[in-house]
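Just the one chain here, the form predicted on its own, laid out as structure tokens.
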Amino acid sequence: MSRRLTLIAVLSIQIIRSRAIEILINVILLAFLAITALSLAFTKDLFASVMLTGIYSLLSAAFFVLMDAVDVAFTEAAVGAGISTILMVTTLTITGRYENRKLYHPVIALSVVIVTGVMLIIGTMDMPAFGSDTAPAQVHVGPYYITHSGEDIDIPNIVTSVLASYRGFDTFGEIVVVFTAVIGVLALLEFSRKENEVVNTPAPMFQHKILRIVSKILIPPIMLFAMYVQFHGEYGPGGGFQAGVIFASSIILYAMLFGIEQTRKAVSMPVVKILSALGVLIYGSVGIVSMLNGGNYLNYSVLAESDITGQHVGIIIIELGVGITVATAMILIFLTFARRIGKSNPNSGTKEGTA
């Protein structure tokens, strides 16, 4: 009896200790998030703002890991702290590091922000309590996804089943948005560019031989890991979004160390542009094939003899389309922005007020 009580006491202490550590980590992360947000609000240095934004995304990714949302953490770290930071730094290189001197008093803008913030705070008062088991998110479609995902789709990763199958229309819309962003960037920067503006300048880091050698060693494993994330998304954290960003990061790393023009020679830009549209086409075509087989649009169950096999086939194909579009979109946006460095503003980033 005494031995059982001792065991219960030890287990209780371990549970309390682990819970205390978890709370302590959450408090520390929340404090870092608040400090980062306040620093963002008061800094005038745009480069510091970009770095702080990346730190905020990385801290948010850590929060998502603590909440067992590893897929979301994966995306936040890859997109928020990775590609987005690189794109914003590239943009700063074109526009300049510091904000222009204010020529007006933004009273109206500040008033709009304050009113909007107050309205949002008032709106949160009608929301259910955090973690409430009666919240719409807990009693609507969520329980169905959790209880029927294994029976309907038979893959371990419920997040993938939700994004790729249950919410296939939403994901298709997100891919179209990514592709539209590429079209917008190319329309603004690439299509209007004159060929005589192209200047072969040395890569910014061409003299760093160690970095160049190490990058050549790292780039192939990065691409291989992207393939793993792409085709292992059904069984673990990952999928087309994450794989596309990781694959694009390897190309961007090459561009940073070997130069934009060298990268454009190694990566065929016309092919990349075609692939960005092909990914969307692959996704949309799966829905059309579903309809031709007698099902609804994006109903993968009719793609094979059994519903489960059809779901697997459909998810693999549309995830491939997602990965292709995301990877090529990131590459196109980065190379297009980076190629404008030094053309729009030769003095960018060298002194205050040049933006």
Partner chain sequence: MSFLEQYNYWIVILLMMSGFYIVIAHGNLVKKLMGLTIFQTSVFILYISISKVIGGTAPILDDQYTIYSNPLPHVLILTAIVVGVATTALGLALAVRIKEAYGTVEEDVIQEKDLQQEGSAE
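Numbering follows the first chain given and starts at 1. These numbers were taken from a predicted model, which means no experiment stands behind them. Only the largest set of C-alpha atoms that superpose within 1.5 Å between the two forms is called the rigid core.
What follows is about the form predicted together with its partner chain, which we do not show.
Q: Quick one: which of 269-277, 223-231, 107-115, 256-264 gets within 4.5 Å of its partner chain in the predicted complex, going by heavy atoms?
A: After filtering at 4.5 Å, what remains is 107-115.
Q: Within 4.5 Å, heavy atoms only: does Ser49 come near its partner chain in the predicted complex?
A: Contact with its partner chain, yes.
Q: Against its partner chain in the predicted complex, would Asn296 count as a contact residue? Criterion: heavy atoms within 4.5 Å.
A: Heavy-atom contact with its partner chain at 4.5 Å: absent for Asn296.
Q: Would Ile288 show up as a contact with its partner chain in the predicted complex if we use heavy atoms at 4.5 Å?
A: Residue-level check for Ile288: no, no contact with its partner chain.
Q: Although its partner chain is absent from this view, report whether Leu281 comes within 4.5 Å of it in the predicted complex, heavy atoms only.
A: Answer no; every heavy atom of Leu281 is more than 4.5 Å from its partner chain in the predicted complex.
Q: Please determine whether each residue of Leu40, Val72 and Thr75 possesses a non-hydrogen atom within 4.5 angstroms of its partner chain in the predicted complex.
A: Yes, each of Leu40, Val72 and Thr75 comes within 4.5 Å of its partner chain in the predicted complex.
Q: Using the arrangement in the predicted complex, list in sequence order the residues of 64-91 with any heavy atom within 4.5 angstroms of its partner chain.
A: Heavy-atom contacts within 4.5 Å come from Phe64, Leu66, Met67, Asp68, Ala69, Val70, Asp71, Val72, Thr75, Glu76, Val79, Ile83, Ser84, Leu87, Met88, Thr91.
Q: Does the distance between the two CA positions of Ser132 reach 2 Å or more between this form and the one not shown, the core being superposed?
A: Yes, Ser132 moves 2 Å or more.
Q: Do Thr124 and Gly173 move together or apart in the predicted complex, judged by C-alpha distance changing 3 Å or more?
A: They are farther apart; the C-alpha distance rises by 3 Å or more in the predicted complex.
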